[in-house]
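Just one chain is shown here, as structure tokens, and it is the form predicted on its own.
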Amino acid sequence: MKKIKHSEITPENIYKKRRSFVKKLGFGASALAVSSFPLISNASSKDRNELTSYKDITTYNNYYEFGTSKGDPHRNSKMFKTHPWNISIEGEVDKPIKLSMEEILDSFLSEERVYRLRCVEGWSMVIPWMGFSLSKLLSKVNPTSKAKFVAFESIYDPDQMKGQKYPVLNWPYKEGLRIDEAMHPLTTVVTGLYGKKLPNQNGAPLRIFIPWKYGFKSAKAIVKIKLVEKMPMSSWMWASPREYGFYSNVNPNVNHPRWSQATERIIGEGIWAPRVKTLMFNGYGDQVANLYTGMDLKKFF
């Protein structure tokens, strides 16, 4: 398959027009996947498939390293340096490696993947990410039989990230997945969005995205991936274990202790737009529910 360059991806306005044209023809999302991009993944409800604007995606962010207000990351990350950048992959593996961002981009095909981002505060976006399955990256190191979990660590640089000067979280930011979650094809290494280089405020130069989990599970500006035998402690679990469990699957039947998770507000539709029903696993249940067969998802939240 031909490697897609960022310069070859359709601009936002034409991208949306083509998407609308395909819809009018009645082909739906599956035809769009064939005619436009290597992979499109959507939630099941048609009213959730409209793309969020580039402006909203890049100016309304949760990224506490740059501040706790939604507009802080856009304002405070402009000078953040993402080159040179190296990512180490180590731990319970046969072949630990360190890769530069250039090596990653040269080695792996970036595809356009449209996923819904659902945040624990009750809002959501539909984002056209550029990226590839994390499993492709992990296969380079050959995980051993002891590798039961995958831990992610973000950069620690308080000189560039003013938010890290305050003990809002236990820096550097850390997250984790079970190995089968990490190897699932929907778990994505993100390198860009809307066919453009990933903006600093969205996690440049490289982040993880797990579409059936709440957005905070998707570690940004990653510098280390470590395969481990025991469940790692994530930053939000450390901050408030009562509110943020390890699995953090989108589950409308489990309320956050301080608010309901049953509905969500779609960013870009205005504050007075009606809220929509939250879907189990963010709408990706057909693909991922089998990962949790036999588990009590109220206990393992």
Ligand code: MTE
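So that there is no doubt, residue numbering starts at 1 and follows the sequence shown. Everything numeric in this text was worked out from a predicted model, so none of it was measured.
Just so you know, the form predicted in complex with the named molecule exists too; it's not on screen, but the next bit is about it.
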{"query": "Partner contact for Gly91 in the predicted complex: the named molecule, 4.5 angstroms, heavy atom", "finding": "no"}
{"query": "Contact label in the predicted complex: Phe216 to the named molecule, heavy atom within 4.5 Å", "finding": "yes"}
{"query": "Distance check, Tyr194 to the named molecule in the predicted complex, heavy atom within 4.5 Å", "finding": "no"}
{"query": "Contact flag, Lys220 vs the named molecule in the predicted complex, heavy atom cut 4.5 Å", "finding": "yes"}
{"query": "Partner-contacting position among Leu109, Ile179, Cys119, Val228 - heavy atom within 4.5 Å of the named molecule in the predicted complex", "finding": "Cys119"}
{"query": "One residue of Arg113, Arg207, His184, His74 in contact with the named molecule, assessed in the predicted complex (non-hydrogen atom, 4.5 angstroms)", "finding": "Arg207"}
{"query": "Candidate stretches 132-140, 83-91, 101-109, 199-207 - the one whose heavy atoms come within 4.5 Å of the named molecule in the predicted complex", "finding": "199-207"}
